[in-house]
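Heads up, what comes next is one protein chain in two forms, each shown on its own as structure tokens, labelled structure 1 and structure 2.
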Structure 1
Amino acid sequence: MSPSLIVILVASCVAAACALIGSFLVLRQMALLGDAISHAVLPGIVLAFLFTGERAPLPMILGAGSLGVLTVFLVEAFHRTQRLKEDASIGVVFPALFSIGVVLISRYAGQVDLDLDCVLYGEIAYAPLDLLYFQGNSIGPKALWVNGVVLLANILFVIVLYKELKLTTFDAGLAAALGFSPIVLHYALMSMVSITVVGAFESVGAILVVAMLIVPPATAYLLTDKLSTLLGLAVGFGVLSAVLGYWLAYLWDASIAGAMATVSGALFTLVFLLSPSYGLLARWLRQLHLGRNLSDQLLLLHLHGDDEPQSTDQLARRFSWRARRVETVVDRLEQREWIRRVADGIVITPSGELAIEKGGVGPLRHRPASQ
């Protein structure tokens, strides 16, 4: 297997695993908590190394998972005091835990390959070189095995608890009334976030993990209102960001993790502009269409029941419109045969009167975009 393919596979596993779990963070409006966990698990990684004396994946995942749960517990504990809002609680907890991890690294792990560059930035280009051995034989890159297992665990977690996660995400009160425990599922989800984060630390670093946790799900969120579709799109955007980001880094000779995050942001920007339901362009077109319909309705209602012709100058003064806008509205209504021009100005036609009586003017005829 070529090194390029290994890098793409590792990045794709990380992106897919993060997108699956991150989708629920986005839906629960907890994106900032995902960022907090990705940094606050650092002391758990260091403590796991200090206790075991090695950087084995399982102890580090357990240590990071424990600190992730502790982060969530402390954030909620501070928030429950009603003295701090949730964002302030996050801002208090995760810098404190992260700084403890920094101190532990500088004091006790300065002479080993466990530093801040590894944690924050990672280096996925070295993934093909760090091999995993079983009974003295190489079985492939360690990063691919670790992140592949994390991805499989996330898939099983979502499949097994899909209905429960869906219910607690959208209606925690109903979930509690039906006998489900939103708190237990909440901590289970946060534990999976912690495991996903630490699994990707050495490969891509915390910064890209945060990007993959939030940006692909947020991109998918702009395209659908169905949870299963959102999960599929989020994974697709994450993998696409990984693949395109690698080739962009190859062409530009740039940071691979940085290029992947850049592509992810570019895809979000593209969807944010062009989404058929929630994009800026679609919103602008709907507002433009609504504004045109409103202008048509105002002018037509003004002419309704009045046999006297109205000149364009009179209409411009009446509605404080520019002459060009008046002519545009008049031309549009004339094409629909709802008004006609006469020698002294403009009058409403029987078709226009009938349209008003049937409620077929303006926004009443506008069919809203499918949600």
Structure 2
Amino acid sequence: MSPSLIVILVASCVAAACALIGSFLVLRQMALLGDAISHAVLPGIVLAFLFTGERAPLPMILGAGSLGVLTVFLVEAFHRTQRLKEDASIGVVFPALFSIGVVLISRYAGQVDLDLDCVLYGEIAYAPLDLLYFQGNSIGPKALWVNGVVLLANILFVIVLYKELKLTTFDAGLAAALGFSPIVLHYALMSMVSITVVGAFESVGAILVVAMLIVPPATAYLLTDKLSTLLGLAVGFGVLSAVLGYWLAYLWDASIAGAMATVSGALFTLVFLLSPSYGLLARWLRQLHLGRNLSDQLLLLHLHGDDEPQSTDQLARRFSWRARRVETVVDRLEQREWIRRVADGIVITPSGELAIEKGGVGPLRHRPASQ
């Protein structure tokens, strides 16, 4: 395999795994817990490193994974004391854990082969060089193995617990009533997040894991209401960010992980603006359409049942509209032959009367507002 293919594959595995598990974080409004975990695993990684003296994947995943679960537990413990709100608990727990990690790295700099900058934005470019050995033989890049396994674990997790995850995410009360335990599932989910974060940590670093966890699912959430579609789209956006990100980093000679996050942000912006269902543009058009319809209805209702023509001045005064607005509305209605211009003003036509009696002038067909 060529080095760039390996990097792209690793990045895609990371992105897909993060997107799968991150979708549930976004839906459950726990996005920032993912952020907290991604920082707080640092001391776990360092400790695993200090104890084993090498970068063995398994101790690292165990050490850091348990730190991730500890983070969730601590945040909830602080929150439960009722002395700190949830956001504040997150805000005090993860910097403290992250600080411990940084202090450990600085104190044992000689023994820990971890670069502080890599902690933040990873070193995916070196992925092809760091090989995994089995019985003395190289069996391929370590990052690919680790993240491939993590991705598989995530896929299995989502497939096996799909129904449970769906139920606890959208109706925790019902789930509890049916005998599922939301708490057990919550911790299972958080464990998966921790494992995913640790796997991705070395490749893309603490903060860009957050981008991969949150941004592609958020993008997908703006396009669909169906969970299975959302998961598929999220993975798609994640992988697309990985591939385009690699290409962008190559062009600019910059950090691959940073470029992946940037591309995911650009994709989000695009969807945020253009999504047919929840996009800004669609929203704006809908509002425009509604506004027009309202004006049409108002004017037609006013003319309804009145044989006397009304001048545009009269109409403008009646609705306190500007003359230009009256003109546009009149033009639009005239085009549909619901009104007619006569010598001294405007009158409603028989088809206009009919439209009013049928209960509406314009096709009020629009998608219901999203919220």
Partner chain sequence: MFDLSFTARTVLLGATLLGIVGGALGSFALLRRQSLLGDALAHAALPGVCLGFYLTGSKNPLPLFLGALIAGIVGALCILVIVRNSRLKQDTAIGIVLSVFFGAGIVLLTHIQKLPLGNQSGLDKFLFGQAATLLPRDVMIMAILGGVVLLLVLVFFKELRVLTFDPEFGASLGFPMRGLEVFLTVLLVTVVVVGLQTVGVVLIVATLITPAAAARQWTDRLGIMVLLAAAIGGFSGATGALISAGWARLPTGPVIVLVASAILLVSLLFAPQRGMLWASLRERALAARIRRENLLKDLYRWGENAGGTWSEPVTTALVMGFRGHTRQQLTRVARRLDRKGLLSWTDDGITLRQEGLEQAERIVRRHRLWELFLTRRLELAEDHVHRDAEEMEHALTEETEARLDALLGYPTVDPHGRPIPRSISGSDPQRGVA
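What you are looking at is a predicted structure, and each value in this text was computed from that prediction instead of being measured. Under this definition, the rigid core comprises the largest set of C-alpha atoms superposing within 1.5 Å between the forms. Residue indices: 1-based, along structure 1.
- Of the two forms shown, the one predicted in complex with the partner chain is structure 2, not structure 1.
- Overlaying the rigid core between structure 1 and structure 2 leaves the Cα of F49 displaced by 2.5 angstrom.
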